[in-house]
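In structure tokens, one chain follows: the form predicted on its own.
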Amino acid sequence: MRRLLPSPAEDVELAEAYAYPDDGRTWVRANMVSSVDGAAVVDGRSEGLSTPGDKRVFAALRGLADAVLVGAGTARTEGYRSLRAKPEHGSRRRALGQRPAPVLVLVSGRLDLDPDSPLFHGGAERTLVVTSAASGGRPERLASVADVIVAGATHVDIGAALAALADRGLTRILCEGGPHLLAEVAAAGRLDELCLTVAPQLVGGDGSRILAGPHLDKSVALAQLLEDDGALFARYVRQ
């Protein structure tokens, strides 16, 4: 993995390249992958775009995060499971005062989650579910396997959700999408950083982009650019 910007380097330590700010504030980072022509999925999943370098960055970003924020639909489609501790991240996480593994945080508008799902079992930390008061679901169904956070009256309020996570000491947030959730985070003005893998593929078709939602007009600045076997790894920060 070599760095092209801001200063060239032939061998990059990913944990240093993607370190979170150390000022204690909540920092929301998104990690997404796209083809050269802008497709976010192949056959409905992002897996078809992933490269070996992308998998390395994916693992490094999770190892640095307090919480992984993901839409419930994306978690089901992509086959998510509750998150386990990784030995290679243990010493760094302990030094930073972090939990053994990131907390999986599911955003669900309808609260239609199966309590027997792998999303709630086998992880190092208890899964959190964020929903709204108008979800129409039954939070008590999940009480034995997850903590449910109600953030917002008619829809999930991203700001309230992030405040609730901060109250639990979860301030290094990694949002893994999907495109609808990421669009909501960006529209709320809470997306601090976008880590975008550009896979060296042309996909075509009419698949989704990394954001799916209303028109946005928000500027970002390129803070870092890495390269590995033809794939580009850009880190943008909001201006």
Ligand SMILES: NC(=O)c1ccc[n+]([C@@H]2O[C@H](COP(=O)([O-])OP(=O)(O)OC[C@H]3O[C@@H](n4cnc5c(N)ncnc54)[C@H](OP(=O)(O)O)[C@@H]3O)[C@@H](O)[C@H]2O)c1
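The structure displayed is predicted, hence computed values, not measured ones. The numbering used is simple: start at 1 and walk along the sequence shown.
Another form, the form predicted in complex with the ligand, is not on view; read the next lines as being about it.
- Here is the short version: of 142, 111, 162, 149, the single residue with a heavy atom within 4.5 Å of the ligand in the predicted complex is 111.
- 155 is the sole member of 168, 93, 155, 86 with a non-hydrogen atom within 4.5 Å of the ligand in the predicted complex.
- None of the heavy atoms of residue 117 is located within 4.5 Å of the ligand in the predicted complex.
- Contact between residue 98 and the ligand in the predicted complex is not found at the 4.5 Å heavy atom cutoff.
- In the predicted complex, the ligand sits within 4.5 Å of a heavy atom belonging to residue 44.
- The ligand in the predicted complex is approached by residue 74, whose closest heavy atom lies within 4.5 angstroms of it.
- Shown without its partner, the chain has 176, 177, 178, 179, 180, 181, 184 in segment 176-198 as residues with a non-hydrogen atom within 4.5 angstroms of the ligand in the predicted complex.
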